[in-house]
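Structure 1 and structure 2, given next as structure tokens, are two forms of the same protein chain, each shown alone.
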Structure 1
């Protein structure tokens, strides 16, 4: 598969770059540019990673940037790293940038991401669709999810079309739900959250695309269990209408870097490529902001202070090797 080839090539480049990093060299004093996107876990993680770099004596700078634009930016070096690349929503942009050249793979977090259609817990509690979270339940409860513009069918609220193209419409068709359900694309993540809140106040059913870890976890969100994913099940990957009803894979959460980063900041790069967060860790970072209402920078400080045993080894091992 084309995607796999690209992945392999990128890993190879990353490995070579990593090797060259073992050559003894000090980090450049120029700041490492870390992107600030518009969701909590990403921003806190940006500050956490920035804090780690700073603890190693590097300078950092935070650059606000649109998520989709960040991949073009990292490719040409306007930002140095991307640290939270979600498979299902960002792999297109990620591999596009890699193919054009300039972006290297800097490893994968331990966290497995879950991005899937789901419902807030109260939808289940209210019994609006008995049988959830099994997808088969959707066959009989479409009316409860209808909206004025859905023509009487139930509405699936998918994220912007730029996230997965036609995956969701194909899935609806593949599962044979298309006579009862219709897919609507929201324009941005905040539109999804607004819908979530509005639906709750109104007490009507809603089914939206969502992911975890996310700030919505706090109020309870249940993902629907679709037929299991396997490579090539989707139409776009060569699958058939019979298989395209598959759910989302357990996604990877990747890191990427500008290709010069290993050469300009070998130590920081080593730390960055070793650095890995688990789902609960990312969740705890986001919760400091979303639940405890801290600022992103304060949350990062607190997280770093509370979790030294987790992140110190990444830096120490680098310094140890270097010295």
Structure 2
């Protein structure tokens, strides 16, 4: 399977490289369908990329979609692109869709990713769990993280269960922490940020699921150091209770596209394949919503207006100066 993945990626990269010397017809008048999921950077970036396409004369349609279902959706052409594919939790669905045929690799962002449980820095500064960020500290401080819904145990607040399934409950059990800790699932990403504010105001500890790049990169957040991740350590990947306590890997942030996209919208595809965002750039997109409280669409407009030097070269390389 790994060989097939590498071959599929190589073919896709080769196709992208081969576009550079080609003269293309105009893009189709059909809309480019961009997925809308349920976390801020993904939604703002969707509108940023949509704005870039619109600046090139393309039509755009935004389509709400479940995260895991999005890879099958792009494979069959119900959506055109996926623009924020996180290695640690999405690579299996991404590669499975690629191997079935219909989804092609469209390149990798500059940002390195991490999705993990952690604490705001003030939890460590106040000494609410001595020994953090090492996971072993969690054996002795659960009471400082109890909430009304945790049954007297310390609470881990995960993201929506649709994001990662039972990865975190399995981890708690695998580490032997289930007698002192319980995992609860947030209804949406906004609930994670509301918990950060509430916990600080109440002076209690909080452990939440978070990720980088995100707006919290600037505000101060520390990821817990769990046992190292390795392929197959999680239950869903064939692991055992002895290995499923493993943490999350650092990884890539990829883009993918429906295989017909380079044919129907050659100019937009070339710009999309060149497009790459860094950790600070993605964090700044999310901050416009989660800190500055802008709508996702308005945040994208502001980001595009403030950062033309970043994205304009991708359109100029395709359409030329003056476009």
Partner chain sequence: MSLTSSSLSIKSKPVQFALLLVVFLILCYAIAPADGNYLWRLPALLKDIPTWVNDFVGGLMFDWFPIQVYDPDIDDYESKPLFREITRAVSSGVLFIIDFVRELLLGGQKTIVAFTSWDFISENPWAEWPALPWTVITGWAAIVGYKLQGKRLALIAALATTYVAIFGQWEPSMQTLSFILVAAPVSVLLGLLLGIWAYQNRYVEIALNPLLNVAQTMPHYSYLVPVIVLFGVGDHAAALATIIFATPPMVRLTLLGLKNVPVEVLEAGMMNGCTNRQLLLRVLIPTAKRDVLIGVNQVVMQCLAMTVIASFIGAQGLGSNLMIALNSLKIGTGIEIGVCIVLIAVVLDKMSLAWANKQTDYFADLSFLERHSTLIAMLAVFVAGSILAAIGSFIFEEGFNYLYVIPHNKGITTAPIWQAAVDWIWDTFFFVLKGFNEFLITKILVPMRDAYLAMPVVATFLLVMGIAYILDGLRSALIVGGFLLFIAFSEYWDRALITAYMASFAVIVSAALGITIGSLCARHEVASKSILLVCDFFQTFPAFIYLIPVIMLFGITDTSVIIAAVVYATVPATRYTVEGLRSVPPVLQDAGSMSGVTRLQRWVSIELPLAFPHIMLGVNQTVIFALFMVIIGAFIGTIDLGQMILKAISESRGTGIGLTLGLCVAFIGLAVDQIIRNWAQRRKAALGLA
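Here the structure is a predicted model, which is why all the values come from computation and not from measurement. Numbering follows the first chain given and starts at 1.
K.L.:
With each form of the chain shown alone, which structure should be assigned as the form predicted in complex with its partner chain?
P.N.:
Between the two, the form predicted in complex with its partner chain is shown as structure 1, not structure 2.
K.L.:
Are residue 135 and residue 92 on a single rigid part, or not, between structures 1 and 2?
P.N.:
Considering the two-part motion between structures 1 and 2, residue 135 does not move with residue 92, as they sit in different rigid blocks.
K.L.:
Quick one: degrees of rotation for the smaller rigid part between structures 1 and 2, relative to the bigger part?
P.N.:
The answer is a rotation of 25 degrees for the smaller part.
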